[in-house]
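First, one chain by itself in structure tokens, the form predicted alone.
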């Protein structure tokens, strides 16, 4: 070795290789496909292990044979001219038959797995329709009458059958730790099914894995595996209409005490308020699913303005703004749009902008103010609405005549949307 590398060069190579070796052995792979959490991934891992087993045997055999030949028949000073050969029938048959036999051991389980997962999901499977948009995900649960966006809830132990299609270009649906990727196309419907049967309540990253335009890398989503009871609770909450504002309290009878008035008000509010279903606990989200996208420089909203947001004013402002042309809120008769994500229970989601940002008041306000700046490179249908903001695509300044909103109006709309649990 020292004849090839000088000691200083050898030390530099070792110093560079050692961190790579240690990193490869760290064992922290939050988006790995090598899991045993679903029947799909178990089959995929079994095929991978079978392929690697035979590939390793072939590699070792070939390399040993190659090294043997290199030393056995290397040129020696004064040695005779090697014997020239032109074909060897036995050898050629051997290197043809042996790979064919090995391929049988790989092909048979591969075909069995393909047949299993392409022959249709079990009869009791949960149906989820997935629609890919540039650049966000729409999830529909037809049996539960649910439409949501960018967050997917799956019950543990029950097969899930996905029908996959695209609203525009080719996308690819993938939750690495649960199942393999599958393409979404505009002119056909693909399917994918798996059973999350060996997993506890957890959160996983999902993404698009087919280049679909400038903001392809920003097309993400979250998948949550939950118990059947929690899924049923979530589904019940999501299926309910958004109710706002809460009905005013009934008039108290004459001579009622303050305690009676308070009790009457509380009962009225409780009867009118929607039942919030289960939501995966924010405190239990693992670090690798928490959004870490920084807020673009120069895009701000004052804390006191954000804190002064009024949900009642926001409801009125939203219901007469351009928002209603793109978004639907079941329970708000003015909001019937279908271009953008369904916002009926936006307040129950942990992320926004296809998983780029946490779903809190500040990020939601900045998203409304200048979505195209928050999600760079995206020719998103979401217009820039903040008064005085420059639209990064149109290169125009937003004014009141163009539907612009002041920071206070945006804060009011945010206060309203965050009540939609």
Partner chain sequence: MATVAASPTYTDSAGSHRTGIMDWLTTVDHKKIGTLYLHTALFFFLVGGVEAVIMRAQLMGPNGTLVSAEVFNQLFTMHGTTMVFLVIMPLSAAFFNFLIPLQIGARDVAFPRLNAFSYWVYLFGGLFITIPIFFNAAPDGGWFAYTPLTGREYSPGQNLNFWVLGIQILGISSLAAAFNFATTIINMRAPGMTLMRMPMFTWMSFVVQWLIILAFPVITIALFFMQFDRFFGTNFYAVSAGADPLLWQHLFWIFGHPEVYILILPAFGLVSEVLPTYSRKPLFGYAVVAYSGILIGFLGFGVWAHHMFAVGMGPIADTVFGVTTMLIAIPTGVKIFNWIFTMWGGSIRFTTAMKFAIALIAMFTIGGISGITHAAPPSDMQQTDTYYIVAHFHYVLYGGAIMGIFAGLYHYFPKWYGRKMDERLGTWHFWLNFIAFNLTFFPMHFAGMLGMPRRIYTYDAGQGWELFNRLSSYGAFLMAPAFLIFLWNFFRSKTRGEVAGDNPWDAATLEWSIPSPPPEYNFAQIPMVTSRYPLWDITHPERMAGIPHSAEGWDDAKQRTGEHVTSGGKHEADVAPMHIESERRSAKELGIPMPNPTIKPLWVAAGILVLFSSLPVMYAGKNMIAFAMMAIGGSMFVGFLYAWLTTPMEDAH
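Residue numbers count along the first chain shown, from 1. These figures come from a predicted structure and were not determined experimentally. Take the two forms, superpose them, and find the largest set of C-alpha atoms that agree within 1.5 Å; that set is the rigid core.
Not on display, but discussed next: the form predicted together with the partner chain.
Engineer: With the partner removed from view, which of 227 to 235, 178 to 186, 320 to 328, 146 to 154 is the stretch that lies within 4.5 Å of the partner chain in the model of the complex, judged by heavy atom distances?
Structural biologist: Checking each option against the 4.5 Å cut-off leaves 178 to 186.
Engineer: Check whether residue 337 has any heavy atom within 4.5 Å of a heavy atom of the partner chain in the model of the complex, and answer yes or no.
Structural biologist: Taking the distances in the model of the complex, the answer for residue 337 is no, it never comes within 4.5 Å of the partner chain.
Engineer: With a 4.5 Å heavy atom cut-off, would you call residue 283 a contact of the partner chain in the model of the complex?
Structural biologist: Output for residue 283 is no: heavy atoms all beyond 4.5 Å of the partner chain.
Engineer: Would you please decide whether residue 381 lies within 4.5 angstroms of the partner chain in the model of the complex, comparing each non-hydrogen atom pair?
Structural biologist: Flag for residue 381 set to no.
Engineer: Would you classify residue 291 as touching the partner chain in the model of the complex, given a 4.5 Å non-hydrogen atom cut-off?
Structural biologist: Judged by the heavy-atom cut-off of 4.5 Å, residue 291 is in contact with the partner chain in the model of the complex.
Engineer: Though the partner chain is not shown, can you say which of 316, 198, 161, 209 has a heavy atom within 4.5 Å of it in the model of the complex?
Structural biologist: Checked against the cut-off, the match is 209.
Engineer: Note which of 300, 312, 205, 127 lies within 4.5 Å of the partner chain in the model of the complex, where distance is taken over heavy atoms; exactly one does.
Structural biologist: If I apply the 4.5 Å criterion carefully, the residue I get is 205.
Engineer: Output the sequence-ordered list of residues from 41 to 62 with at least one heavy atom within 4.5 Å of the partner chain in the model of the complex.
Structural biologist: Counting only heavy atoms within 4.5 Å of the partner chain in the model of the complex, the contacting residues of 41 to 62 are 41, 44, 47, 48, 51, 52, 55, 58, 59, 61, 62.
Engineer: So with the core overlaid, does the Cα of residue 114 end up 2 Å or more away between the shown form and the other one?
Structural biologist: Residue 114: C-alpha displaced by less than 2 Å between the shown form and the other one.
Engineer: Relative to the superposed rigid core, does the CA atom of residue 188 travel 2 Å or more between the shown form and the other one?
Structural biologist: No.
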